[in-house]
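There is one chain below, alone, in structure tokens, taken in the form predicted alone.
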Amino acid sequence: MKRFLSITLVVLMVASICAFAGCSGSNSGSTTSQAADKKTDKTYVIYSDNAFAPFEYLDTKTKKYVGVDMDIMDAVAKDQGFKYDMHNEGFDASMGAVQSGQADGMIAGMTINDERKKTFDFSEPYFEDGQVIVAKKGTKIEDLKGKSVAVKNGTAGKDYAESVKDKYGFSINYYKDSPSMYQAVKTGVDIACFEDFSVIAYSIKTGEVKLEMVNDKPFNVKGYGFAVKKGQNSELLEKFDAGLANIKKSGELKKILAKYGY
């Protein structure tokens, strides 16, 4: 009888240990699976400008935002297998959204410079551009003296204008987007504006803007980059860089730029 009880106790102990081990293994597998699913299913929130053709602008026919940046983001996401939710809220709003943590990243024809590197981490550059002075036909740089010029908040054009305003003797008015700047110049509120070369060249070529460039060659030429908040979202930044490298190698980036005349 004692022998029977001893055997029974051993069997029960072994069964309990196996049951515990099985349950623990199941939980571990479930946790790993859920973590993997969460990682796979994550949808990144990306912000961009809303009026910066040809990098991002509203297609009046489809009512959707299109452009170089939109195509690059789509190509990179497909290459790296991640989802994203695009918000075209304006350049200044995009920077604020990333800095506040409302957005995971932004792509908006954003020039990479040392000042921005203090608050943003950037991808490898995907395009190079510089600024030009834009005004009515016949305007010269010396005509800026004693007048006001238009700049867009948060842009490289703004930074450059501020750095040379004393040299050329002009004052500055600040606007939220490019169309507002162009309108201010057209109506004579400001004598000129500072804009990225590729953007204004595209708008002049398509006839959207009836102004001309004062300087033939862009100054302050730097690269455009995808940006995240400094020290955060490194995984997203790595994915963007990996995807960018792949679409460069495959020739897809070249096709995207050619689509918009570059």
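Residue numbers here begin at 1 and follow the sequence given. The structure displayed is predicted, hence computed values, not measured ones.
What follows is about the form predicted together with a small molecule, which we do not show.
From the list 110 to 118, 166 to 174, 70 to 78, 133 to 141, the contact stretch for the small molecule in the model of the complex under a 4.5 Å heavy atom rule is 110 to 118. Contact annotation: Tyr224 falls within 4.5 Å of the small molecule in the model of the complex, judged by heavy atom distances. Contact check for Ala156: a heavy atom falls within 4.5 Å of the small molecule in the model of the complex. In the model of the complex, no heavy atom of Tyr47 sits within 4.5 Å of the small molecule. Within this chain, Tyr182 is remote from the site of the small molecule in the model of the complex, having no heavy atom within 4.5 Å. Taking the partner from elsewhere, every residue among Phe52, Phe91 and Asp196 has a non-hydrogen atom within 4.5 angstroms of the small molecule in the model of the complex.
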